[in-house]
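The chain that follows stands alone, in the form predicted alone, written as structure tokens.
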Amino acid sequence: MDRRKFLGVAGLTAAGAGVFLAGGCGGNSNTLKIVSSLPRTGSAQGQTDTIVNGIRLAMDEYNNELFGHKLVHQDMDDATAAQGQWDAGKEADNAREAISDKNVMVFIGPYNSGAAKQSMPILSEAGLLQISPAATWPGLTKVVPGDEKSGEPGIYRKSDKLTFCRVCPTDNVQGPKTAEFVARVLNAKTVFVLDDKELYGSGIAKLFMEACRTKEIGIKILGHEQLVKQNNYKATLQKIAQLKPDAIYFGGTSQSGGPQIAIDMKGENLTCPLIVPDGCYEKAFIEGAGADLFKDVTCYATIGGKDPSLLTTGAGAEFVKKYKEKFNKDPEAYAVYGYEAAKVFLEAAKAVGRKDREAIRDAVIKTKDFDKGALGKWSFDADGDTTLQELTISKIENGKFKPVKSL
């Protein structure tokens, strides 16, 4: 059995782990399919569970039916057990499988920016709409100053039509605003920067450092080190301790070493705050380090947009209420972005009123002043990015993320 056939069979047989059929099965002319491609294996599963829950919650609001077609959600995994994280080959396979199924009208995902680089060209060439709830690397949609030679984002656009858009703010919002928080709120004058050498981690660390060096922020960078994942980081943190920084910034994820850095900070008696980005804004980060550790290590985590606990009025509050009722737990940070991605697609498809990939793609990309989701009124800009530009900073207390500042 070749890889493609295996993926197809596995996707249809693993109902609990892989496929959720909201009233129908693919390959039927009376179905309209939403595909999501996320790391459903490995330590990011907790976060992607909430994204998938958000998608299904949105589908419920249409009774899993649009203009006479049954709504179907296919939950694709772009990770492998061996790697414990996303895999380039699986993400590309997922994209190819999606474009070959004529019932698929949208590809929601991926979670990781590196994975987006794999699926974007395939989906662009086929003209299939892609909405990411979590990929935040700016170069996916815009030219990053100083990175012009990469050819981004043009290398991902294989047709003259925009197919990729995202409902989450990008790292060029998160990096600079985090620097502003470190300077203005934490009153830090110096910082040591670590990153995991991956696209997301190194990219957001670079944007954070660029902001620190500006005259307006004025934070001195005592050092910057890139770390591959390892059992511990004691040697590095011993060197950092001698420099006595006011703060440590880690660009990376829960899966690429974030929890261990917090553990080793305590071991080396480093008492300055640790600041981590949205790749660590999940229970897996807190549980990986141990909730009690944060009684001794002060840690702030940032996320583009709003923490669900801040959705206290209107449609946002209604989303949180429905989520708790359906899943019997609080939504994690990216749940609302899964919901928002599905809602903007469903509303556009409803307005188009027919199963037409190109018409629905065009309607979604032209979204302006969208207010049918949970995040308030927003639009897609000319590059497919959301106009929402808010950053939430939370402190880890009692095993939870407690929002302390919105910028």
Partner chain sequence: MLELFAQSDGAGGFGQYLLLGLVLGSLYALIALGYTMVYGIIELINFAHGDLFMLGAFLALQLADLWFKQVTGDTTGVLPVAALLVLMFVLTPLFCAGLNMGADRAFYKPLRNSPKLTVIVTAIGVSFIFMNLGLFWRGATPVKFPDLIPDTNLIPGSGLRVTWKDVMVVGVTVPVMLALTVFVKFTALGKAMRATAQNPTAAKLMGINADRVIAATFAIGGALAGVASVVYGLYIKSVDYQMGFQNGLYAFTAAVLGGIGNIPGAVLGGLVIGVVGELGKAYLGAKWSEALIFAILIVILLFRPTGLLGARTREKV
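Every value quoted in this text rests on a predicted model; they were computed, and no experiment measured them. Residue numbers count along the first chain shown, from 1. Definition used throughout: the rigid core is the maximal C-alpha set that superposes within 1.5 Å between two forms.
One more form of this protein exists, namely the form predicted together with its partner chain; it is left out here, but the text below deals with it.
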Decide yes or no: are 168, 252 and 394 jointly within 4.5 Å of its partner chain in the model of the complex, with each residue judged by its heavy atoms?
-> no
In the model of the complex, does residue 306 have a heavy atom within 4.5 Å of its partner chain?
-> no
With heavy atoms only and a cut-off of 4.5 Å, decide whether residue 187 touches its partner chain in the model of the complex.
-> no
Hey, in the model of the complex, is residue 201 touching its partner chain, heavy atoms inside 4.5 Å?
-> no
Contact between residue 326 and its partner chain in the model of the complex at 4.5 Å, heavy atoms?
-> no
Which listed residue (238, 159, 271, 214) meets the criterion of a heavy atom within 4.5 Å of its partner chain in the model of the complex?
-> 238
Looking at 117, 73, 266, 90, which is the one with a non-hydrogen atom within 4.5 Å of its partner chain in the model of the complex?
-> 266
Determine which one of 124-132, 328-336, 139-147, 258-266 lies within 4.5 Å of its partner chain in the model of the complex, judging by heavy atom distances; exactly one does.
-> 258-266
Are there residues in 316-333 with a heavy atom within 4.5 Å of its partner chain in the model of the complex, and which are they, in order?
-> none
Superposing on the rigid core, does the Cα of residue 284 end up 2 Å or more away between the shown form and the other one?
-> yes
